[in-house]
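In what follows, one protein chain appears twice in different forms, each by itself as structure tokens: structure 1 and structure 2.
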Structure 1
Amino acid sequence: MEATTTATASLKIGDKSVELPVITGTENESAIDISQLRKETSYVTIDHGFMNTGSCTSAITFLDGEKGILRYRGIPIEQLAEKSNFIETAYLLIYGNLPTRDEMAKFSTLLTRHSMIHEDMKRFFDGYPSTAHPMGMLSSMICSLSSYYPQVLEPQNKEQMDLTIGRLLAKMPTIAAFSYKKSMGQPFIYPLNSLSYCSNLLHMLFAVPAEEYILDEDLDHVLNLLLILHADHEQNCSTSTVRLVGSSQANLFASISAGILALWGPLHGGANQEVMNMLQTIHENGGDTDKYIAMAKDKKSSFRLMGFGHRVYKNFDPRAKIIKRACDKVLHKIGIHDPLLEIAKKLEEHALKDEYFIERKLYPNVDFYSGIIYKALGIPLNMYTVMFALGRLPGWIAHWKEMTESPNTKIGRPRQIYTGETIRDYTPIDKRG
């Protein structure tokens, strides 16, 4: 489905007037199409942080931040969280519809068959110090896959593209688990194709050759849930990075590698690690949540309540609601009492009643409670953002695919307004200062 032109908007600059088309999407969101603006007026627009700028049209994910709605390919996130699994959701995002039984079987086989990485790649890990952050390793390794599968440079070949997508989805958990094992100084555990996607990941992360690792179905279930909730979120920072890099016709591995790096930042996916650091600090300092709420409000302090606020959600993040419920369930099931969960709940309760947060419409986001579940699963802190990346992978792939297949795609190249020095002469070094 395409966006339709529904009206025009008039723009007056000095004595010149231009008519700009207004386009409307399938959920009635409207945008002023300024693609001819510079040609007709010589003006560009400026919009720091793209607060008001739509970078593309997309049929993958709909979200309404005011109402707290999130749907993948039209299906509400609540239904997917309850009824689907991660592989099925990945298929939905990438190919547009839920798979039939046959499609699901083929897709699952593709993902298990390709789960091993080239044996030579194992040696790459030797070059890293044991303190290396797994996000840095993950990004480098994903980019390195392009050396092993150069066919990916021909995205127009559909069969080849499907195989590349399968390889990427299959190998990413293996690379992620190997990064973790490297940081622990433990031997790598190879994938087991008889296991489901999430169980295989848990097995590669936690099994050791010295003893039997018993998989827990509940853990598989909660991991599926977390990955589904992270699977796509339309034009966020990392997805926009994947699209921007891909718009230069960089290959899929290179584009995803760049997306992983964008996700790493503490204002984006890195927030899940920062939330846990924050909760731990509050705990170690006696659990005084009021003090930290006051710090978050204090404009002289750089402290922010991590896991709170969102560029798009000005209401409850529906993913945070689901994760909070799952958090209670998982901790109860495993029999863990985590004081950090109590601190998180206290912070949330306090913030939601506080005028500062109410006025700015700041609510818990997806990262606020996810770390507590990762901790309960035994996943170490520096792997939290890697878990986010594993979840977000199908979304990145879906957007890269949509972009490469769209006839409207152009290389991403924003304009700027120059504010530097005007022309001046070169000064020889002995005349400077």
Structure 2
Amino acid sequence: MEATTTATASLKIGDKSVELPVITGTENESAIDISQLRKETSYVTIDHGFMNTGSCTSAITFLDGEKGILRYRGIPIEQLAEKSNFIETAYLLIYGNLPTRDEMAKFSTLLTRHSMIHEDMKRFFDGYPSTAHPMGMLSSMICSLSSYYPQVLEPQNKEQMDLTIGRLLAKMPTIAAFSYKKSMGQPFIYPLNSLSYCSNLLHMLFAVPAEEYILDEDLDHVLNLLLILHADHEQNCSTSTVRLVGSSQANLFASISAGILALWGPLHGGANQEVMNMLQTIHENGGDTDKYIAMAKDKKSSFRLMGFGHRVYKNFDPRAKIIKRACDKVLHKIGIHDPLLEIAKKLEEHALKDEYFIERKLYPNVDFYSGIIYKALGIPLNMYTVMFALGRLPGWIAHWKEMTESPNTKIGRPRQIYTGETIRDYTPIDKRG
């Protein structure tokens, strides 16, 4: 389905009036098409951060922040969280429909058979210091995959592209786990074909040669859930980066590598890490949650309650409702007594009852709960953004694939309004004061 032209908008500049098409999507979102504005008027628009600018049309994800709606390919996130698994959801995002039984079996086998990386790539990790951040290693290693699979440079070959997509989905958990093991100084653990996608990831992260690692089905389930909830979120910073880099016809590995680096920024992928930093700060200062709740309400205080509210969702984050139940279940089952988790529970209880937070719709969001779950699972702080990247990978791939297959794709080239010096002459160095 395509967006349709439903009306026109008139823009008047001086004595000249320009008619601009208004296009409407399948969920009745409307946009003014300004693609011919510069050609017809010599003017461009300016929109810092592109907050009001649509860069593309897309059939992948729909979200409505006012109503708290999130759907992948039309299917509500609530249904996918309850009934699907991460691999099936990945297939849905990338290929547009839920797989048949045969398609699911073929896709799962593809991922299982390609989970190992080339042995030469293991030597790359030797060049990183033990202090290297796993996100830096992950991005570099993903980009390096293009050296081993040059066929990815031929996106028009559908069969080869499907294989490349499968390889990327299969190998990224292995690279992520190896990056973690490198930072811990532990030996790499190879993937096992007998394990599911998420169980394999947990095994590679936490198993050691000295003892058997016992997998827990409930932990596998909650990890599946976390990855599903993070699998796509429309045109965010990292997804837009993947599209922008890919618009130059950069290969899939290079484009995903760029997306990982965009996600690495603390304003994007680091939100759940900021939550845990906040909890640590509260703990180190006595654990008085009432004190910090009061500070959060105080306009004169610089303290911010991390993990509450959302820039897109104005009423509630549909993912947070789902993940809260999983969080409660995991904490109950593991039965751990961690002071940071206890502080998190107190903050959550207070915010859900306090009129100040209720009126301002400062509810706990997905980052608040995901940070708590990752800590409960034993995943270290510097791996939180890596886990986010693993979940977001199918969405990135889906957007790259949609962009490369669209006849409307053009290389990304934003405009600017110059505010520097006007013309001036060159001054020789001995006359520059």
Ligand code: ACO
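Not measured: the values here are computed from a predicted model. Rigid core: the largest C-alpha set superposing within 1.5 Å between the two forms. Residue 1 is the first residue of structure 1, and the numbers go on in sequence order from there.
Undergrad: Would you check which of the pair is the form predicted together with ligand ACO?
TA: The form predicted together with ligand ACO is the one given as structure 1; the other form is structure 2.
Undergrad: Look at Phe124 and decide if its Cα position differs by 2 Å or more between structures 1 and 2 after superposing on the rigid core.
TA: For Phe124, whose C-alpha is compared between structures 1 and 2 after core superposition, the shift is less than 2 Å.
Undergrad: Can we say the CA of Tyr91 moves by at least 2 Å between structures 1 and 2 when the core is superposed?
TA: The answer is no, as the C-alpha of Tyr91 shifts between structures 1 and 2 by less than 2 Å after core alignment.
Undergrad: Taking 2 Å as the cut-off, check whether the CA of Ser196 shifts that much or more between structures 1 and 2 after a rigid core fit.
TA: Ser196: C-alpha displaced by less than 2 Å between structures 1 and 2.
Undergrad: Where the core is superposed, what shift in Å does the CA of Glu359 undergo between structures 1 and 2?
TA: Between its two positions, the C-alpha of Glu359 lies 8.2 Å apart after core fitting.
Undergrad: Once the rigid core is matched, what's the CA displacement of Gly309 between structures 1 and 2 in angstrom?
TA: Value for Gly309 between structures 1 and 2: 4.5 Å of C-alpha shift.
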